[in-house]
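Just one chain follows, in the form predicted on its own, and it is written as structure tokens.
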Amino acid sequence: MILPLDRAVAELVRDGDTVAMEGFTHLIPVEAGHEVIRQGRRDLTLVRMTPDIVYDRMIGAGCARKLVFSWGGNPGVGSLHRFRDAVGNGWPRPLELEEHSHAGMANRYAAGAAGLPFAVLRGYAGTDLVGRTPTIKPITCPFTGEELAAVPALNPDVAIVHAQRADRAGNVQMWGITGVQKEAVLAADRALVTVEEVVDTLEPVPGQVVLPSRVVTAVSPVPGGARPSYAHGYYVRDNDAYRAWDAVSRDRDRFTAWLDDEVFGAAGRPGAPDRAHGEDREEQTA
């Protein structure tokens, strides 16, 4: 079903949900993340292989209780300062972490998509993640006796991805660099796809991934919805925006002012993180 973004988020994303928002350097569902912030969702478990600035914003806005991830940063720039502030100082609220490898996360999504309870891989050999992450367990191969690692399937309550096109029946088409969007959608109970445009016919393109309408709960037309990341064939990555975010995100006051101006706009917002959570401002940077 094709819905405006605000209605789709209102219907599909609920307080306390596990929410996966995937996209690898490309087709990142940034505007959908902003809409989650605008609607004041709380206590979310955010899942993403490579959390970047959209999750930094959602964490800083107080949406997240927990982050499940394999790498976090502002790509090509440095740290995520709202993420660091939440982990180091508990602002605007403490953030629980569950860290995996890229291979572990990808295999967890694949297991969830396949309806399996867990995945098995060699990817953690020689790391200390096994002892630090309770959702990584050693397992012995029943055929060879090899010691491997098992990780539980990921089955988000809702997966949100961005794509180039959908048709009017809700079939989705994406191409270019893709990550685990397909697996995340197939593993989730509900799926929202924001798209650059809705068209009458999906013309085939090289390397395309097509998500059939039967696995997509809602499609929302959101032109430019991946900015400042890029959408292949539509617009390029805005590197200046990623660099600018570093300065904005370092300071709590500057960050909350940015939220007011760029996410909530003239409508204002239902309580800034410091007001909503009653935190002081002694530690301004992470």
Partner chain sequence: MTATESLPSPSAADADEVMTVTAARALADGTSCFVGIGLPSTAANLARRTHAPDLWMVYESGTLGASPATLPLSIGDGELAETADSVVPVTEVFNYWLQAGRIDTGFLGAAQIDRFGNINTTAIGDYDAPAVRLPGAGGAPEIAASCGRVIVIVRQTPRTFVERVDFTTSVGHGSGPGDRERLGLRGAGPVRVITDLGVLEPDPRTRELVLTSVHPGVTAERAREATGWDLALAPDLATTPAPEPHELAVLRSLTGRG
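Residue numbers count along the first chain shown, from 1. Predicted, not measured: the structure shown is a model, and the values here were computed from it.
The same protein has a further form, the form predicted in complex with its partner chain, not shown here; the description that follows concerns it.
Of the heavy atoms in P142, none are within 4.5 Å of its partner chain in the model of the complex.
Within this chain, Q39 is remote from the site of its partner chain in the model of the complex, having no heavy atom within 4.5 Å. For the chain shown alone, G126 is a contact residue for its partner chain in the model of the complex, at least one non-hydrogen atom being within 4.5 angstroms. Among heavy atoms of V185, none comes within 4.5 Å of its partner chain in the model of the complex. Figure note: of the listed segments 155 to 163, 193 to 201, 79 to 87, 210 to 218, the one touching its partner chain in the model of the complex, with heavy atoms no more than 4.5 Å away, is 79 to 87. The three residues T18, K66 and S249 each lack any heavy atom within 4.5 Å of its partner chain in the model of the complex. A heavy atom within 4.5 Å of its partner chain in the model of the complex is found for one listed residue only; from A169, L116, L97, V205, this is L97. For the partner-free chain shown, V87, L97, E99, H100, S101, H102, A103, A106, N107, A110 of 87 to 117 come within 4.5 angstroms of its partner chain in the model of the complex, judged by any non-hydrogen atom.
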